[in-house]
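Just the one chain here, the form predicted alone, laid out as structure tokens.
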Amino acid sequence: MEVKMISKKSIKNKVSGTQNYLTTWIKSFSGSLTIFCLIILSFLPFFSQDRAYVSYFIPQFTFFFIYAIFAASWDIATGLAGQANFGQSIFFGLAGYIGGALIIEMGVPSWIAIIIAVIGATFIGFLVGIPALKIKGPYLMLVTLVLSFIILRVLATSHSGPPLYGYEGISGLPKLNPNPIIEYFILFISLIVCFIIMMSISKSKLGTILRSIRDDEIGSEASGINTMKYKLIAFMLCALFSGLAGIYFGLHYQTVNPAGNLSMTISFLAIIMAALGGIGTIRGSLVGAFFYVFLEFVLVEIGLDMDVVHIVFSIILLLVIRFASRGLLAPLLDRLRDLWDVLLGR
């Protein structure tokens, strides 16, 4: 009986502590801003029933949700663990191929194909992560970059049809949902769940270990940390979330092909978005993805070619690295926090 009472009391204390933490967080600036943004995003599809708004503007937020997951996945391996990865398109693209092949060739339901594609991407992350156990710095960048180029080349020059599908890739995939508003909420909920998991990882013991490896790998090894094990875990987590974004991307566009899903441009987009928001922050990817998607939307609308758009973002990235090394998130939050204090009369 005494053991049971202690157990119940311990559980009650933990629940009470969690409730106090949530209450404090909600009242804080960061918590209030997060809740405000979630409310806006929750009601956004219902602001207008105009056909153009629903079919043209709302899908831009769909891209934002997918790209935010994708950029944050890169930030786990590179920003958090310090494993410079220039081959993010490997996980993103191959997950799309795995899911697409299962749906088209075997008639597997989309939700099962998504699960299998994510598992497959995680396994690919394990395989790619093995060379990373002994390679560091620019050599790791080159290995991942070369791997992505080899995979792209093999798929692009193969014959059309299974198993590699050639340059045309896989077409005729079903939409994640035919209704753009339902698709919006599926991806919105996926984004929330993914970021809760990734932020929990970042603040957990695992996140602390990954940061210690990033900051001083030799010192981490000296303190008894199995750095090989944790670098491999970082690559697998990176591949898992990147694979989820990749299969979502394929289902949204209803096609998967080397040029659209496995190009090196895709890898650099993840780097650009994470760097714009702030590398190593995870949540900075939200700001970076939002900035990228909607600035790209505006630039395309005014008639700029995509090659020119990429040049514009390259210049913006150079300016951010030079004048805002922490990315856009930190200074943005600082300004908003000052405004918040003014509104509250502090």
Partner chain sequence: MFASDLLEMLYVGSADGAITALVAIGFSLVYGVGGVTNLAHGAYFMLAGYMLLWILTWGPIFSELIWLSVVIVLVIIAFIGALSYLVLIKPLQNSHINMILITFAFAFFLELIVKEISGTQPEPIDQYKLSDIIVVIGGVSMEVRVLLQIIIGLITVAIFGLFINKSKLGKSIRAVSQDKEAATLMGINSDRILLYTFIIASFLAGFAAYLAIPGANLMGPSMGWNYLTNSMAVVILGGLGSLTGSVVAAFILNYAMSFTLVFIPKGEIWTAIVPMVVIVVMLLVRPRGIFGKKELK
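The term rigid core refers to the maximal set of C-alpha atoms that superpose within 1.5 Å between the two forms. Keep in mind that this is a model prediction, so the values were computed, not measured. Numbering follows the first chain given and starts at 1.
Below, we turn to the form predicted in complex with the partner chain, even though it does not appear here.
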Quick one: in the predicted complex, does every one of Thr78, Gly82 and Tyr139 get a heavy atom within 4.5 Å of the partner chain? yes
Name the stretch, out of 248-256, 104-112, 176-184, 271-279, where some heavy atom lies within 4.5 Å of the partner chain in the predicted complex. 271-279
Position in contact with the partner chain when the complex is considered in the predicted complex, options Tyr230, Phe195, Phe188, Phe149, heavy atoms within 4.5 Å: Phe149
If the cut-off is 4.5 angstroms on heavy atoms, which of these, Ile116, Leu206, Met199, Leu145, is the one near the partner chain in the predicted complex? Leu145
Might Ile315 be said to contact the partner chain in the predicted complex, defining contact as any heavy atom within 4.5 Å? yes
Is Ile311 near the partner chain? Define near as a heavy atom within 4.5 Å, in the predicted complex. yes
So, Ile321 and the partner chain: in the predicted complex, are they within 4.5 Å at any heavy atom pair? yes
Closest heavy atom of Glu301 to the partner chain in the predicted complex, within 4.5 Å or not? no
So with the core overlaid, does the Cα of Ile130 end up 2 Å or more away between the shown form and the other one? yes
